[in-house]
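Alright, here's a single protein chain in two forms, structure 1 and structure 2, each given by itself as structure tokens.
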Structure 1
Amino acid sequence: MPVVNVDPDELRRLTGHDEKSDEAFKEDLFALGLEFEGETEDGQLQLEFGPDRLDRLSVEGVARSLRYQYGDDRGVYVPNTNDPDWTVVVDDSVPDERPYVTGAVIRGVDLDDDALDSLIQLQEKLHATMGRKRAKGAIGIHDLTMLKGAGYGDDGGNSVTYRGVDPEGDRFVPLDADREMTPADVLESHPTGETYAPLVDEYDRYPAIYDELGLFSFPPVINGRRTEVSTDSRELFVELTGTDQWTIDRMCNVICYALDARGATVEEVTVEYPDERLVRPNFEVDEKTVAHERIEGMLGVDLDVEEAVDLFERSGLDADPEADGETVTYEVSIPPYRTDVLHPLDLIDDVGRAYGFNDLDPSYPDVSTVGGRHERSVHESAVRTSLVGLGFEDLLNFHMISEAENYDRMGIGPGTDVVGGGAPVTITEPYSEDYTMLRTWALPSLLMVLENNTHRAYPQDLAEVGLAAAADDGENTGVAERRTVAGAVARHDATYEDAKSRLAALCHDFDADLATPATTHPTFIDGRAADVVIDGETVGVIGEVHPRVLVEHDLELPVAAFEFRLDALA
């Protein structure tokens, strides 16, 4: 979940609430869904929240939410914007994979160190969340005064061009570098370039933005050094590129609102696609209809219309009530920095936060149902209880395992016709070599536990009732899942008989008819292994574990073991 670092002094200043202590802020923020996680070294509050309200990814946004909650601000706020002077021309050469661009001009910013840090944090957090690590949307912020716009239109407007560039085409000096590089050089040898190279290195042409002087931005990878923003910057050019227009427009809005809160003025830009002209940022206000009854039903409380409107307004929304007989509905206006409102219910959630969910009285629902266990889990428990009664320690092991543990160390091979020899269900991109597949049987897990507990007292009689799986094209999931019962008796005088007597007792408990005709299985000693045949069906194997397998597991005493399908005891 996103974490935003917020300077409490900045928060006091931006909310206008000098009297609020850090503790008071923490309480108020908890009610809004921002959880205090800790403090940074320089005393900033680390706040964690769900990735819905991305407008809160900066101290300015957090302060705005608090001012609404306190009732200092009400209703939808939309900043005034100046008419466009700059145009972003989208050239035909723009890579098809990243066709969209948007932007804004910001004038009259006053960036001290804190404000600049906050802006950089906001940019990074937006990249990490909505921007999907820059794949879906990437932000570049530039010092406008360092740009030289190409003349555009009749009235002296300026323009930059979003276009494609050959990887080895034009050269520029990227941020954090001191020499000119081609885009390909950047991907190859610049640290930031290396990080983001996977986003573009398959493209024939790379995305780039040019002004009159040449390439100044290489989205989504890095900006040019020429237009780098500093605390001296007073006018900014914000550009965003990506794979979805709506997404980058909303990211742009979040940035514009944060800078507006610092007293800057937002100026529109024109985006000139070959077949369409947009004016951005898009501060259009959405509307949704919410029924009063639904609010009351969801919160479980009665509300006056005035109360409901107040709660909407303290959520930064406007609500226009309309009565139709007994029924009241609200036309709710939603500000353009909101990225999370997909349905009227999302607005009811806002009303609940403003009301204070923790002020609601919990009530046990007056709904009567009959409970019960699933027969599979009841059966599993019963078998487990029997095993424990026979003296087995009940175990619970992982379903994921490695090929080495599942097959090699047990002396069997995948895809062979023995118990445990099923075809593996493998994990596509395993992170750990210890967990690369689903276990085809449970005995390897028991032997691993024995191996890890040789320093513990014997006898060690272990059993597990759990999941095993093998690849099976006949299944809808491609995976045949089954429950398996495994038992191992490890003691200095363990013999086949020890395993057989316990297995027989277990079968007896479940009125199952057991036979053990001789078989061969590489995990067990020849002549001391048998098929487990229950009610006439071969369902498993039993025997004395082969010394080769014991030694492989560093065991210095004999182990007799069995494993069979749980459903045989049904």
Structure 2
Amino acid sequence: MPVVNVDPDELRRLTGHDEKSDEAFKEDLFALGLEFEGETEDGQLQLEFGPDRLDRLSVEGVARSLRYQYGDDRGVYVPNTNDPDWTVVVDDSVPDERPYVTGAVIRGVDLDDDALDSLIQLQEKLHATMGRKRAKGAIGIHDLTMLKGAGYGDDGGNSVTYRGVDPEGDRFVPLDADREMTPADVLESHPTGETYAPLVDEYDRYPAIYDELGLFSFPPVINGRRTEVSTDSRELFVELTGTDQWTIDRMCNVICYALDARGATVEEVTVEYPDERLVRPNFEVDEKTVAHERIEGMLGVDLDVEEAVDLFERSGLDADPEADGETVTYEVSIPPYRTDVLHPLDLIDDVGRAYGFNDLDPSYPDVSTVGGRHERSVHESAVRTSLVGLGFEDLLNFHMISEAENYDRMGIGPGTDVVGGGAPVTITEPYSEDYTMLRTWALPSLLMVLENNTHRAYPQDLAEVGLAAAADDGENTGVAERRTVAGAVARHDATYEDAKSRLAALCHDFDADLATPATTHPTFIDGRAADVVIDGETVGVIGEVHPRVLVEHDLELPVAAFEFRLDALA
């Protein structure tokens, strides 16, 4: 989950609530779904939140949400914009892999150290989330006064050109460098270039943005030093390039709203494609419809229309009620910085937060049956209890994972006939590159936990009972789901026998017969791996994790592990 550092003094200033203590802010932010994770060395609050609310990736966005929650601001706010003076001309030479561009000009911004730090953090957090580590969208922010625009149009406007450049073509001085370099030089010898080289190194021509003086931006890798932004900058040129116009337009909106909150003026930019002209930023307001009855039914409260409209407005939305007999529906206007509202339920969630989830009264449903735990849940609980009794820490990890974590770092390939090698169930439009598929087995999740806890004391014995899934055309849904049991023993003397003794004790608790004939598996050491055979059926694998996998996870101690299907213990 994204974690954002927020200066509480900045939060007080931007919300206009100097009387609020840090503790009061923590409570108010928790009501909005932002959890306090700790403090930095300089006293900034570390806030974790769901990756859907990308408008809260900066102190400006967090302050905006609080002002709505306090009732200080109401309804949809759209910044006023000046008419465009700058044009981004898209040349035919732009690489087909990264054809889209958008942007804005920012006038009159006051960038003190806090504001500049917030802007940089927002840029990097957007890169990491919606931009998918710059693969889908990348942001460049420049000091406008250092650009020399080419003349464009009859009105004497300025222009820059988005075009392709040969890898060994025009030179420029990138950020954090003191000499001119070609784009190929940047990818080979600049630290930032080396990090993002995989995004463009297979292109025949690299993306680049030029003004009258030459190349000043090499997206998605690095900006030129000539246009570097500092606290002295008062006018900015914001450009975004990517693989999808909608994505970079929404990223641009989030940045523009953050700078508007600092008192800046947003100026439009014309984007001139060979066959189309756009004016950006795109501040069009979206609309969705939700029924009053559905809001009450979902939240379990009775609301009159005026109260519902008030809650919408305190969520930063506008709502126009329309009555058809006794049925009331709302045409809800959604501001352009909100990228998360995809369904009426998202609107109901906003209404619930404005009402206060802690103020909702729990009630029993109006049915004649009495609820109870499902047999599967009871069985899982029994397995977890046995694992804890055997010395394991019980974990609950995300069911979603990346393909690199699930396959590559474990030494297996998708669609292979080994435990964990099932075909991936992928997400078409994931929010993050860290969560692109449903995991096919749970052991990668355990190794990721071990990787993130190398600073903790050993031994570390971890176990999880959870979901695993693989694509299967034989299923009606196209997905075969199963519950899986995984355990890992990490210590200086961990061996196959340590894992097997735990597994044997677990099977004994459930009167199951265990056999472990030798096998091979890419994740485990040859000669130190076996099939898990329970009651005559092969249901999993056990062994000592291969040194190659340990090194991949920065683990310096041996690990022995097992994984098998939960239903084998039924």
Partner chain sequence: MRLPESQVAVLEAASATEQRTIEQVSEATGLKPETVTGAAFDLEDAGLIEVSERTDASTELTDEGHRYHEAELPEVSLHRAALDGAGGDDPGVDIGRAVAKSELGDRANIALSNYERSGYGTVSNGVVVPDEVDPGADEVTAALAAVADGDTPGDDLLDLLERRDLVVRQERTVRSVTLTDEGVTALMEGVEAAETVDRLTPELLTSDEWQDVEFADYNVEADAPERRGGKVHILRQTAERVKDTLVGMGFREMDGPHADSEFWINDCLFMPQDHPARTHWDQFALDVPPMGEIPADLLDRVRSAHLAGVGDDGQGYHSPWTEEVARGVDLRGHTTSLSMRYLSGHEIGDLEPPERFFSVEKVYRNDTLDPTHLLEFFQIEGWVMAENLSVRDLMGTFEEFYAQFGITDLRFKPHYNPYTEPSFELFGEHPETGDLIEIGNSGMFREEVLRPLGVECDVMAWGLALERLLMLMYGFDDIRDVHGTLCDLDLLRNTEVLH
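As the structure is a computational prediction, the values presented were derived from the model and not from experiment. Just so we're on the same page, residue numbers count up from 1 along structure 1's sequence. In this text, rigid core is short for the largest set of C-alphas that superpose within 1.5 Å between two forms.
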{"query": "Pair member that is the form predicted together with the partner chain", "finding": "1"}
{"query": "Smaller-part rotation in degrees, where the chain is treated as two rigid parts between the two structures", "finding": "32"}
{"query": "Angstrom shift of the Cα atom of residue 363 between the two structures (superposition on rigid core)", "finding": "2.7"}
